[in-house]
Structure formats: structure tokens, C-alpha cells
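Only one chain comes next, encoded as C-alpha cells, the form predicted on its own.
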């Protein structure tokens, strides 16, 4: 099982290595625009809980980017399914459903970690240094685990690459803007706060931001992310099994 898991992961890493010179600039453009437009131009004189808006914004961007980049593994899976027919070869190979999902999820997590490093470097360019402690990286790990697991399951359900784009627009984009990435959740009305706390990205942004400021995040955020990721992972295994049938 370990060998088949590594084979799936290694394949994704080979593809990413070949595209890395294009991926790194693409990981940089959107965060850089957010930092310039929101953090520097609009939030230059804004403080939130004793921190500058730039310091508030960067952990939110890390939460959002680790979500989108881990979820982006779905696009790689669909390209392999619909254009290269790699999934058919995996069906014929001695690769268990669990190993396939685990390999793809691990690839999504790797993408998320690399994109996080890009944002941290951009933050240093704007004079912002965060506390990159163990709790900080654990929150990113769990956040990317949640959305990489979700990505694999949804990739097995869609019928075309266009359907995947539609899912990203209706699932990922709303969470990116409503999960406390750009503004404090206290600005929402009470009913809105209760609603956004259903979203895993809200707990990820809260944990990443708290840890990056050197505080201890609430354990509930980590538990929500962990159990949500496990549920999505189990569902993805079932979806892969169904796609093989």
C-alpha cells in the first residue's frame, strides 16, 4: 500500500516539478495584488486588535491560498481522467482506493505548503514577519487536508473539466471571501457569524491567524478541521470506488 501511495504522489510531484516555473508566478500574482490593493493601499492606517491590517491580512491569505491550491489537485485529476486517461491505467494497476486518494491528497497538501512559503516571502517584502510555529503549520496541514480530500471526491463526481470549474466557483470562491480572510468575523451580524462558522475555512483562518501572532488557537478549530478532513477523505475513497465500477 505504501508503494502504491508513493507512486501516485510521485507522479503528481513529477508533473508539478515540470510546471514549477509557471506555478510559482501564478501562486504569487493574486496574493501580491491583494497585499497591494487591500493591505497597502486601503488598510495602511487600519488596525485590528492591535495589529496592522497587513498583519491581519497575510494569515487570511495563507488560509485562502492553502485552501485553493490544495483543492486545485482536482483539476490535475480531471486532466488525467478526461484527456490522458491515466485513471484507467490506475484502475488496472494494483493500487487500492485508499492509496490513490492518500497519494492525491498528499500532493494537494504539498502544493498548499509551497504556496504558503511564497506568501510568507511576499509578506517579508512588505515588512511583515509572522510566527511560523508548529501550531501555524499544523493549521495549514489540516486546512489543506480538508480541501484536498474534498477535491478528490468531487473530481470523481464531475463529468467534464467544465463541471469542475463550476464547482470551484460555487464552493471554493464563496468560502474564500466569507471565511474571515479579509475582515474580522465580528463585522458580521450574529446570524451571519453562526453561518460562516459552519465553513472549515473559517476555523482554518482563525487558527492560522492566532498561531501566526504567537497565541494558542482554540483546540476546537483543529478538531473541526481534522474530523471534517477525515469525513471528506472517507467519502473520496467511496467516490473513487464508485468511479471504478
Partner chain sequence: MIKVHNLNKIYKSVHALKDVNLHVKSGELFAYLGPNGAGKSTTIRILTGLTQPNSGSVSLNGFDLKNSSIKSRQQCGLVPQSINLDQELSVYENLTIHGLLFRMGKAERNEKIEELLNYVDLSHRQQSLVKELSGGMKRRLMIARALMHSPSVLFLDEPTVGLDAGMRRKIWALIKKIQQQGTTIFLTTHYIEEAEFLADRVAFLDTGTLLVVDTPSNLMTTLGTWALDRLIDDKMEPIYFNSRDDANHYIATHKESFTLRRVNLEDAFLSMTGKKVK
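Positions refer to the first chain, counted from 1. Please read all numbers here as calculations on a predicted model, not as lab measurements.
This next part talks about the form predicted in complex with the partner chain, which is not shown.
Chemist: Heavy atom within 4.5 Å of the partner chain in the predicted bound form: which of 165, 171, 117, 86 fits that? Just give me the one.
Modeler: After the contact test, the surviving option is 86.
Chemist: Using a 4.5 Å heavy atom cut-off, indicate which stretch of 105-113, 87-95, 149-157, 126-134 touches the partner chain in the predicted bound form.
Modeler: Checking each option against the 4.5 Å cut-off leaves 87-95.
Chemist: Should residue 230 be classed as touching the partner chain in the predicted bound form when contacts are defined as heavy atoms within 4.5 Å?
Modeler: No, residue 230 sits far enough from the partner chain in the predicted bound form that none of its heavy atoms falls within 4.5 Å.
Chemist: Closest heavy atom of residue 234 to the partner chain in the predicted bound form, within 4.5 Å or not?
Modeler: Close contact is absent here: in the predicted bound form, residue 234 is far from the partner chain, nothing within 4.5 Å, heavy atoms only.
Chemist: Do residue 7 and the partner chain come within 4.5 Å of each other in the predicted bound form, heavy atoms counted?
Modeler: Because a heavy atom of residue 7 falls inside 4.5 Å of the partner chain in the predicted bound form, the answer is yes.
Chemist: Using 4.5 Å between non-hydrogen atoms, is residue 244 touching the partner chain in the predicted bound form?
Modeler: It does: once the partner chain is placed as it appears in the predicted bound form, residue 244 has a heavy atom within 4.5 Å of it.
Chemist: Judged by heavy atom distances of 4.5 Å or less, which residues of 12-29 approach the partner chain in the predicted bound form?
Modeler: Heavy-atom contacts to the partner chain in the predicted bound form: 14, 15, 17, 18, 19, 22.
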